[in-house]
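We begin with a single chain expressed as structure tokens, specifically the form predicted alone.
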């Protein structure tokens, strides 16, 4: 039986006269990787922020684990397992690598995360070597790994990632998507916003295409890529 973790129903987000998200509906089942694709300005980041609770929705509903969370603030959503890795990583560059990781567990009151941090350092030896250095010294790829690791320490049920491959080399992009697949295999559901459409569709179970705030297509990666007009217009196809 499929367990639906997240159902977004006809939500709208506005910034003044700018209607950024228009009647968008999507869902995410337990264990899925879902990707949301589209050009800059399509409304992808606004959608994630609305789900996270940092942007107010004008109308519609967000159901998470069978609970209407429209009235929940962002901190409560994080505590319940909805965790966003924002665009641009937004790590604290004036803090050490380990201090950044500790910030990820801030919402877990009195939790002993020593072993979890050590497990992260085992997974990412580069971060371990720099655990006491300021995060400012990390490369772009290392900063992204730190951002994902910080989110993991919040104990998410759903991890949302906003343009995680932005600014990374092709080799690091491949490593990043392998990491996303690994943590998904370990039981984490993923909602991924990404402009690297071919990589996203290679790893996702289903996809949605946003254009100017509207969902214009959805389906499996095979379905989306099979539509030649759609692929040419939105997915970088020939």
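What you are looking at is a predicted structure, and each value in this text was computed from that prediction instead of being measured. Numbering follows the first chain given and starts at 1.
Not pictured, yet referred to below: the form predicted together with a small molecule.
> So which stretch, 44-52, 65-73, 167-175, 25-33, is the one near the small molecule in the predicted bound form (non-hydrogen atoms, 4.5 Å)?
It is 44-52 that comes within 4.5 Å of the partner.
> Does the 4.5 Å heavy atom contact test between residue 224 and the small molecule in the predicted bound form come out positive?
Residue 224: no, not in contact with the small molecule in the predicted bound form.
> According to a 4.5 angstroms non-hydrogen atom cut-off, is residue 87 in contact with the small molecule in the predicted bound form?
Residue 87: contacts the small molecule in the predicted bound form.
> Given that the small molecule is not shown alongside this chain, does residue 184 nevertheless sit within 4.5 Å of it in the predicted bound form, heavy atom to heavy atom?
The answer is no: residue 184 has no heavy atom within 4.5 Å of the small molecule.
> Is there a non-hydrogen atom of residue 11 within 4.5 angstroms of a non-hydrogen atom of the small molecule in the predicted bound form?
Residue 11 lies outside the contact set for the small molecule.
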